[in-house]
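Single chain ahead, by itself, as structure tokens, in the form predicted alone.
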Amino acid sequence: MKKKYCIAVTGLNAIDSPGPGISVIRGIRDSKDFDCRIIGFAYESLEPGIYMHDIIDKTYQIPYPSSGTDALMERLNYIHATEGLDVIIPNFDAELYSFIKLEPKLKEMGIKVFLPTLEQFEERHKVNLPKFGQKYNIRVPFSREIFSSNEIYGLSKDFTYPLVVKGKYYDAYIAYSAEQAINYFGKISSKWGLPIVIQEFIKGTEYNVIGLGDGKGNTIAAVPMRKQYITDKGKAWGGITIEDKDLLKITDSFLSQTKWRGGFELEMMKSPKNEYFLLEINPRIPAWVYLAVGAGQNIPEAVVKLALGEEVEPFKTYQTGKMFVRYSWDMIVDLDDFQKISTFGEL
């Protein structure tokens, strides 16, 4: 008989900038090696995944990362006492710090995670990317952090327009003037706080690599993708797997040097000179992970196995020419369900 695990997953929003949770769950459910009970962790009552009862068995609201680790730990104690969690897979940048800090306590409770170390998490921050690129010999655009919109008018000393205005966790906009940059500064900082990252604009074609490192320098999984359709927020709404030895070489080098532990995404730009620039490193599984599953590398399943201490053989191949096309549809749900999750924090 196959083992059955209770696995909690965050990132249940499925808006125009979707969370990875639903795709991660689909990959886990595809596993032929184990059965699972899926517990959703939600922050808001209108996250669509809450109401997808065909793939999520039960959902609990958890406190926002800004509430601190004590509030999160208290909530996890209650959920674990009820459900008996085996693995938690966090899927948002902003919540990773809390789960990384709590990993020793979770381990004592019998709950496993497979996440980067705090040092790895901090080192790849957007504000630290220039030092990161220099340390690991990876080409990155010039960037600097700012803390006030007043600093924008002085950017002409180091930058030419257009330039990219980025939040410390999410959001990035191309500004073609100081006025636009100021507008984006206010828009992003009000949502994600300071600092704001100003990055050199690299013209070219966008590529992404989804991967998984075992924490020992080995590449467990790596699938490169070229964006086919991009939203106004810069998110891939369609993409295709490609064969690119240079991208895989960059990924292997990144993993062997940093000994990255867990899932990640490399956002790359290929210049007209065929040079790859690393725009940022997302320290968790991206929302398009199910494309990797469809191409033959079930990364969510591998994350569960690694978290449980199982040996996972590295994926050696993947199918090129596999595409994903994202879509949306209207779910019809009962008001009673909405009231339950809003009132009691679980459904």
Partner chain sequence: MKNTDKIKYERPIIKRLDAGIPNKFGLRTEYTPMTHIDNVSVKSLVAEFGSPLFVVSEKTIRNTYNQTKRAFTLRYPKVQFAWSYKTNYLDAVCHVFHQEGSWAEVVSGFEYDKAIANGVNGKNIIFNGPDKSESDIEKAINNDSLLHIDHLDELYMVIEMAEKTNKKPKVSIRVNMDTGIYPMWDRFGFNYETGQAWDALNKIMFSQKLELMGLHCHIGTFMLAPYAYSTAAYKLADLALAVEKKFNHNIKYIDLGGGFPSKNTLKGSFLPGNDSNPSIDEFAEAISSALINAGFHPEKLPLLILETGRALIDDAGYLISSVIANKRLSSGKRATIIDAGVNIMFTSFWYDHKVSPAQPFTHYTEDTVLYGPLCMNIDVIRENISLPLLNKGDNLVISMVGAYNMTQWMQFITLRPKIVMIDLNGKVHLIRDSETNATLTDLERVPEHLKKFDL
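Numbering follows the first chain given and starts at 1. What you see is a predicted model, and the numbers here were worked out from it, not measured in a lab.
A second form of this protein, the form predicted together with the partner chain, is not displayed here; the remarks below concern that form.
Peer 1: Would residue 10 sit within 4.5 Å of the partner chain in the predicted complex, counting heavy atoms only?
Peer 2: Answer no; every heavy atom of residue 10 is more than 4.5 Å from the partner chain in the predicted complex.
Peer 1: Taking 4.5 angstroms as the cut-off for heavy atoms, does residue 31 touch the partner chain in the predicted complex?
Peer 2: No.
Peer 1: Please check if residue 201 has a heavy atom lying within 4.5 Å of any heavy atom of the partner chain in the predicted complex.
Peer 2: So residue 201 does not count as contacting the partner chain.
Peer 1: Is there a heavy atom of residue 151 lying 4.5 Å or less from a heavy atom of the partner chain in the predicted complex?
Peer 2: Yes.
Peer 1: Of these, 94, 182, 106, 248, which has a heavy atom no more than 4.5 Å from the partner chain in the predicted complex?
Peer 2: Selected option: 94.
Peer 1: State the residue from 237, 161, 277, 169 whose non-hydrogen atoms include one within 4.5 Å of the partner chain in the predicted complex.
Peer 2: Of the listed residues, the single hit is 169.
Peer 1: When you measure heavy atoms, are 77, 82 and 308 every one within 4.5 angstroms of the partner chain in the predicted complex?
Peer 2: No, none of the three is in contact.
Peer 1: Based on heavy atom distances of 4.5 Å or less, which listed stretch (45-53, 22-30, 286-294, 314-322) is in contact with the partner chain in the predicted complex?
Peer 2: That would be stretch 45-53.
Peer 1: Which residues from 184-202 come close to the partner chain in the predicted complex, meaning a heavy atom within 4.5 Å?
Peer 2: Going through 184-202 in order - heavy atoms within 4.5 Å of the partner chain in the predicted complex - the hits are 190, 191, 192, 193, 194.
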